[in-house]
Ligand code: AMP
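Encoded as structure tokens, the following chain is the form predicted on its own, with no partner shown.
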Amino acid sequence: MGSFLYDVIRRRAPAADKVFLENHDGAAITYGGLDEGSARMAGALARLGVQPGDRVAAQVEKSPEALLLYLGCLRAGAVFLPLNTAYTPAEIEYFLTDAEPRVFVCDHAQKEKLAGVAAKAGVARVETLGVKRDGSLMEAFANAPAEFADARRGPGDLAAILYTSGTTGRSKGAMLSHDNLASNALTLVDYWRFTANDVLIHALPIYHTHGLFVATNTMLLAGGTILFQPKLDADVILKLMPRATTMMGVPTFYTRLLQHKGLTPEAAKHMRLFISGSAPLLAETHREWRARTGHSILERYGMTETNMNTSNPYDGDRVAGTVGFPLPGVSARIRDAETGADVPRGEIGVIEVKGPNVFSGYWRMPEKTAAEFRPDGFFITGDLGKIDERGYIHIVGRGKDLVISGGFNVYPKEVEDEIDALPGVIESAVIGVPHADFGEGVTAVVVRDKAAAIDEKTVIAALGARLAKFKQPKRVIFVDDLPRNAMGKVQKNILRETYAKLFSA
């Protein structure tokens, strides 16, 4: 036995000369090149002192070599820790301190800024990786052998840690095993009918479960080809459609493409499937897309902790405003958030899921892990939903007031703490407001001292160096008082109702 997930990838690989990835600059990696490149990356990591079970953290721009780093970690037995490129040095320090990686890989342009942070966190090695196949890691890569004896990693061993928002505002590391990732990708290959003939437009980031695990792992196990783009560019996406068969995106992709006059049934006729996730897709976007292209977007539901849980059907009705049915092997139920009792069909409760896709727990947080699982093994997602008479799952909100903006989790407490620390601010409440591009727009409702001169621009500017861009408010609203219930708790539901049309005006 070698590395469990990589063994699955290797067994399902097509001919070595088939192209796996075509980069935006025209460079290509075949499946044979992928195997050799991941071996060299694993060898480079081993020479840097990485041993099975060690963490390797990476805050790098999207590139084919960043994917080789992920696969190299699998083969070396390391635990891959991708970090959002928008995270500030202060945020990176927390992740490095918490995860204690053996190696931290960053963009060479950021090394001077981050080396001190890594040293403070006790990281042994800081390496660099750029988008032009450059950096110190690529030097080690070039000198590594083309073959590598994969570390022995079983299905239950950790493959990755992905950080997600926590109830106290501190991020939690979701521990994902080799089997969590392998089983989910295999399910998606079958459920979404992926084959070696598929060509996927990949414009998602790869520090997130959507672009890294859902898109990449699924295509690897299907033996298909990826058209690798650095980001969403509507002009480029439309030019790629005649060569592609599928696309995975967030709602922003679809709203931006709908604004392009080149989006027509003719432009999309070669495509067989458009998939959306990571944030709620507005029913209006779903309907307009079908009218413009003749295709119904397939919306699905997943989480950092669980990979994919549910999906609208490949065949059958893809119902706007729903996330479909539990995937094969996954169980989903609706429970009362307080009592844990079942709720009648059609009534709202917290969504709970169970299956081989569900993570093993939060890194070094045993009490938090225990609190998030029922005794029978169901994970309490914190998302509020219902199941209709046809069995379709509807997500109607999120417990704990989590905001999902552009596919990224934003926990209000973290943003509120930063705002409340500003001079002239008495208190704040951060909410998510429906936004056509981002699913939800982060919105801050602030009570300021009557003598304070602080305004919206001041708040946003002050947060620029403290929070990743996706966490920063898109609007700051000033009020005299925040609405509260009899117990003094801020009623964010009232704020959400009050400002529901903020971004549609």
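In case it trips you up, residue 1 is the first one in the sequence shown, and so on. Please read these numbers as outputs of a predicted model, since none were measured by experiment.
Note that the form predicted together with adenosine monophosphate isn't included here; everything after this is about it.
> Looking at 349, 101, 280, 412, which has any heavy atom no more than 4.5 Å from adenosine monophosphate in the model of the complex?
Replying inline: Among 349, 101, 280, 412, a heavy atom within 4.5 Å of adenosine monophosphate in the model of the complex occurs only for 280.
> Of 208, 125, 178, 318, which residue is found within 4.5 angstroms of adenosine monophosphate in the model of the complex when only non-hydrogen atoms are counted?
Replying inline: Contact with adenosine monophosphate in the model of the complex is made by 208 alone.
> With the partner left out of view, is residue 303 within 4.5 angstroms of adenosine monophosphate in the model of the complex by any non-hydrogen atom?
Replying inline: It does: once adenosine monophosphate is placed as it appears in the model of the complex, residue 303 has a heavy atom within 4.5 Å of it.
> Should residue 83 be counted as a contact of adenosine monophosphate in the model of the complex, where contact means heavy atoms within 4.5 Å?
Replying inline: Heavy-atom contact with adenosine monophosphate at 4.5 Å: absent for residue 83.
>> Under a 4.5 Å heavy atom criterion, is residue 418 part of the interface with adenosine monophosphate in the model of the complex?
In response: Outside the cut-off, so no.
>> Taking adenosine monophosphate as it sits in the model of the complex, is residue 395 near enough to touch it, meaning that at least one heavy atom pair lies within 4.5 angstroms?
In response: Yes.
> Going by heavy atoms within 4.5 Å, which of 292-300, 184-192, 255-263, 335-343 lines up against adenosine monophosphate in the model of the complex?
Replying inline: Partner-contacting stretch among the options: 292-300.
> Which residues from 308-326 come close to adenosine monophosphate in the model of the complex, meaning a heavy atom within 4.5 Å?
Replying inline: Residue within 4.5 Å: 323 only.
>> Since the Cα-Cα distance for residue 413 and residue 117 shifts by 3 angstroms or more in the model of the complex, is it a contraction (closer) or an expansion (farther)?
In response: Compared with the shown chain, residue 413-residue 117 is farther in the model of the complex.
> Quick one: residue 59 and residue 413 C-alpha atoms, closer or farther in the model of the complex compared with this form (3 angstroms or more)?
Replying inline: Here the pair is closer than in the model of the complex; there, farther apart.
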